[in-house]
Structures are given as structure tokens and as C-alpha cells.
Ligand SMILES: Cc1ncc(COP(=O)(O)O)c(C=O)c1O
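One chain comes next, on its own, written as C-alpha cells: the form predicted on its own.
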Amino acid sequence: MSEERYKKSIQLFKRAAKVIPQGIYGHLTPVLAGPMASPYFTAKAKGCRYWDVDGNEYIDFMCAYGPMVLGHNHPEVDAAADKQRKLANTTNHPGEVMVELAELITKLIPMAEWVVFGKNGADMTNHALVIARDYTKKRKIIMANGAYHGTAPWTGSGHNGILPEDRAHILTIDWGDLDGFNRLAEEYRGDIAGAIFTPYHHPTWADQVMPPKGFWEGVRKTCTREGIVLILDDIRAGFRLNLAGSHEYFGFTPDISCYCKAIANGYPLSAMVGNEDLRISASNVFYTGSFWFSAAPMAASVATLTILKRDKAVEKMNKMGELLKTGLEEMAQAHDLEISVTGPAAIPFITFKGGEDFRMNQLFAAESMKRGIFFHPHHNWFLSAAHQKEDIEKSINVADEVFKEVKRVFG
């Protein structure tokens, strides 16, 4: 990290490290973004840009790791949240807006017969597993190796403090391995409560993987035949690929689908929807939180989903993503570098051929940040409806300079 460019970030981080474990923890840790290579603290944000505490400006291709689907500080969303907050936010009872939001979501998502709310994606994925087990009276859950479904011990997202018993009933397959899925369904027949997958595979430190042909159709068929609850973790991709859910984008129907990130444009809210068969189990399971019924984030969500539909934001994000993808590929080729751009256009990620240790990604991201473009070296990126053509063009021009530097260093 340049001590002059990030002087205040360094000072703040030293202060933070004295009173907060790691200084900055979780997915925002500097270890993930690239220690000594990026800013650590944000001062302000607007649209598709943000400024660090040292005053450096960035075009933002992380969007707060996904939540900023309309852009930072969207005036209509903020106005809706502020209006509700002035009336009431967290009280003894939910607000009328909860019913309004639930009705809106069930209209947007055809398979949704009911909705429940929380705060984080992990709230919903955990809730989904409990519902599946209550409904089926079975124990085991199938998921993909390397998948991330939140911070709970069963997800495989960490190791320290986790017991083997926490994952005793988790079965895994390689992403997209339909034969492997069917083998587990047969081997553990009568004891599989649910299967949870993301709509496509988006691990960190790796290319994104789209579903192989026939994967979702086959998984759905097996789940129906074996009485397995099919859970879609649509936390990361939800409302960026299709407003009706990423399952509509990929052409299948889950039993439960979980949402968070883009649902309220940065306001803390998550949601889970399910089919009619699971309504009684969703009612039986006691699962709640002190702030889950806060009304202001729900008002923000009503505004966000309404604007996404009104402005055809999904189409715009995918169009901007395609421009970015094409531009990066052309610029890399011009410098005789081979890159792989994977994932949907609105949620892209690049890796370098010959850069399996990610040092090329790290240099690319660090040099881009110096020039005012925030690309993440290890995690998929996000487009927002606030990204304009000129933002994409500027980012591609910066990438041209940065690819030249990557070529100089790595040959």
C-alpha cells in the first residue's frame, strides 16, 4: 500500500486493530481484497462511485459485494426508507409495509406462495434447512464442494472452532456433477431432507462455473422423485439476472429460494420464499431476530424492486456487463494476454491463463485501484444500474494501461 496515497487508511487501520479483532474482519478483511494494495475505509459514495477516507475516487465494480444494485445512495430508495423511519422502524409490531413487500415479492416470483424476512443471507439459508428437515423429517443435506452459503458451521465457510459433528449430515458433490448427485440420492435414500445450491457456481479464488446442460433439470427431477426439498441460494445473483429469480434465468423451479444482497439496495434485509407445500413447516419453525421486522429496510425494498422493474435495470446491467467483458477481452488480447471472463455479464470475474497463483489478478486489481477503478482480485464483481457507458469505457481504458503493466511484470 502506498503510504502517501492511503495515509489515513493506514492510521485508521492501526487504531482499529487495537480494539477490533483483525481490525477489519469477515469478507471485508484486507487479506481478501489484497493487503497493502487497496483502501481500507470508505468516506462517501454516490451512484457507481465511492471515495476512500484519503479522498481517492473509484468506479465501483464490487457494489458493496452486491447490495448496491441501483447504485449508492439512490434518492428514491433513500426517500422511501426515510419516510417510513420517521413514522416507525423497529417497534413491538411489524409495519403495514411488510405485507406490501410480501405481496410484491409473490407477484414478482411465480413460485413464491409465501415470504419470510430476515437480515442476512445466512439467516435465510439456515432457516431453509430447518424447514426442509421439519417438512421431510429427514436429516441430510446435499451441497457443492467449495460453495458458500453463509457463516453457519454447516456451510463449510470456515474451520476454526468448527466440530465434525456440525457437518455430520452434510453431503457434498462437485458443482454440476449430476451423476454424483444421483449417487448420493440413491445411497442415502430416505434420509435426505434437502439439497442447497447456488444458481451457478461462484467460488472465490476461482473461475465462475455456469450449470452444465441438463444439470438443473436432472436435479429437479431427482428431488421430486425422492422427496428432497430443493433450496436455491440466490443471495448473490438474485434480482440481477431475472426479477423473477435466477431459477427463471436458468429454467427450473426450486421449492425454496433465498434472497438478500440486491433486495433493498444496501438496507439490511433478506427474504426467503417457498411453495405452498412448505407453508405449514414454515409456520411451525420458530426462527426470528430482534431487527427482522424493521420497517425502513422493507420500505427501501419496495422502492428498490419497483425501480428495478420500472427502469428495466436487469437488462441494463447485463448490457453494461457485456460491454465490460468484450472490452477487457479485446484489451487483454492486444497485449498478448489470455484472460477468462466467467459468470453472467452482470456478475463477471476474470482470471489470467498462467496466473493460477492469482499474482497476476492481484497486480491487475492493485494497478486498477491506483487509477481509480475498483476490481477485486479474488471475488466475482458486480454491475449496478448506476453504471453508465462512459464508466465502462473509462474502466476499459484503464485496463489497457494495466494489462500493459501485467505484461511487463509477468511476460
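What you see is a predicted model, and the numbers here were worked out from it, not measured in a lab. Numbering starts at 1 and follows the sequence shown.
What follows is about the form predicted in complex with the ligand, which we do not show.
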Tell me, which of 222, 246, 84, 198 has a heavy atom within 4.5 angstroms of the ligand in the predicted bound form?
198
Partner-free chain; cross-checking the ligand in the predicted bound form, the single residue of 231, 260, 300, 192 with a heavy atom within 4.5 Å is 260
How about residue 121: is it within 4.5 Å of the ligand in the predicted bound form, going by heavy atoms?
yes
Determine whether any heavy atom of residue 150 comes within 4.5 Å of a heavy atom of the ligand in the predicted bound form, and answer yes or no.
yes
Please check if residue 235 has a heavy atom lying within 4.5 Å of any heavy atom of the ligand in the predicted bound form.
yes
Please determine whether residue 202 contacts the ligand in the predicted bound form, using a 4.5 Å cut-off between heavy atoms.
yes
So if I measure heavy atom distances to the ligand in the predicted bound form, which of the stretches 141-149, 98-106, 273-281, 173-181 falls within 4.5 Å?
141-149
